[in-house]
Every structure is written in structure tokens, then in C-alpha cells.
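Only one chain is shown below, in C-alpha cells, and it's the form predicted on its own.
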């Protein structure tokens, strides 16, 4: 199915509590890209991908809804994108299996995720091993022209391109478009409360939708170095919500007064995050909004993916 604009496909796994590192690191830039009007956007919750790590039904449902609400709360307009759950569109797994049949094990053994797991002597599931094939299906189903990724995910787009070329060649059919990676500019590494990269696994996060009191507790726990006039870990987070010029004045006039600077950061973070928190709470109290958005996205994604699968099935001889 042709689109008047180039297609952008993006996916997010529902695997954890969102924090300001997720937001300032990538989510904000993603939403700006979706809003740009340059692309026909397909955004989905990658719940089948998440099965590699989330294997509790209630947690999966909870995380999925939280992720949808989070993107709506930070400004994603469901009228501008096709927003759906991967599991609501059977074509993803059907096409993933078809790609499995033309992909060799030595080829997939070059994938970064597999090599990382192997290096750590982890027991590797078939799902982890086949992950790039399902991702290739995610991308190629919608004739994606661009896929926004971090530098570390670029290999997945290369695998999708290889798979599209191989399918077209093996079955002598011009079925799939070759996607290009869109490396997100200005992707920030957000420091956590201990100065390391903010990460749930480090226990150093500031939750994205934290209450004022929770926010205050997190900020007051930020590790400071008493040898300097400016608490660098506080400053690096403050820089996300205030200009450098403003901070130069603020930190200059409060040199060495760490408690005051932390209190100012609490006020500024709370002011910045409060509208998103309010929207998130509104969505929590109106669950039908999320249901309606996902139902609409499911219908549109199914229609488009099924049109593509008709071509695929003809090409391989099952239709």
C-alpha cells in the first residue's frame, strides 16, 4: 500500500519503569520526529520482543498500558501516527517465520545481541537468537523508508536490508523496500543520581512521572563532591531544563550551597514535568482512551500489513 509520505517505523519494548533518562535521552526526540510531518509514522509496543525478558502476564499488560500512556502524556498525537501493539498484528510473527526459513544460523550468530549473550555465558533462548528476524519483519511489513535508532541498533537495520534483498532475490519478486537507519541526533546520556548513566539497573533513576515528594527525595539523594563549588551531578541534570546562561548565574550566586541548588532543581524539574504528570494521571483515570487508540491502530496496521502479506504469500507459493 503506497503512502504519499515516506514511512517511518519505530518500536518500544514495555520492559521497565520510565525515568527522565528515557525521556531526555530519546523519547522527546522521537516525538519531535513523529510531529515533524515528514513521515507516515507507525509506532508500536514491541510486546512480543519483550517476551524475551517479561514473562508475567499481568506485568506485560501493565507495562504495555504504561508505555502507551507515557507517549501520549509527553505529546504524541494519536491522530498523527498509527499506534498499536505488535501482538495485535499477526503478520509480524508470520513474516518473521518466513524470514527464518531463508536465514542461516552463521549469519544470525554475527548479531550483537547474540554475541553479547554468548560472551556472558548466558543460556540463550531461540527468541533472543531470532530477535533480528522478527525486527526485520516489523520494519519491512510497512515499507519503512527510515527507522530511528541509536548507533548501537544500526546493525538491525542492516539485517533488515539484507533480508529484504535476499527475499526479493530468492523468490524473484520485488516485494520489499530497503529501509535506511535514521540515527537520532542530540541523543543525550542523562546522568543518574550517582553520576553514572541513569539506569534502572543502577538504582539511580528519577521517575518520569514522579510525584513532587518522590521527585524531591530523588534530587536530594544526588551524590555531590564537596571539593568543588559546583555540584556537577546536580548541574548536569539541571542543564536539561534550564539554559546554560541561566545556570551560570544561579550556580555562581549559590557557589558551595548544595542544598539550595538541589532545592532549585526540584522546583525546575517539577515545573517541567508537572504537565506531563497531569496528562498521565488523566489517562490513568480514563482507561478507555488507551483502548480506543490501540483498537484504531490495530485496525489500520492490520489492513496495511495484510495487503503486504498477500504479496508475500503469492511470492512464496502458499497463495
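Positions refer to the first chain, counted from 1. Keep in mind it's a predicted model, so treat the numbers as computed, not measured.
Although not depicted, the form predicted together with a small molecule is the subject of the following passage.
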Practice prompt. Decide whether residue 297 counts as a contact residue for the small molecule in the model of the complex under a heavy atom distance cut-off of 4.5 Å.
Written response: no
Worksheet item: Though only this chain appears here, would residue 154 touch the small molecule in the model of the complex if you measure heavy atom gaps against 4.5 Å?
Response: no
Worksheet item: Is residue 26 close enough to touch the small molecule in the model of the complex, meaning at least one heavy atom pair within 4.5 Å?
Response: yes
Worksheet item: Does any heavy atom of residue 308 come within 4.5 Å of a heavy atom of the small molecule in the model of the complex?
Response: no
Item to complete: Quick one: from 188, 117, 183, 102, grab the residue that has a heavy atom within 4.5 Å of the small molecule in the model of the complex.
Response: 188
Worksheet entry | Contact assignment for the small molecule in the model of the complex, among 93, 199, 249, 168, heavy atom within 4.5 Å | 199
Item to complete: Select, from the options 190-198, 208-216, 229-237, 121-129, the stretch whose residues sit within 4.5 angstroms of the small molecule in the model of the complex by heavy atom distance.
Response: 190-198
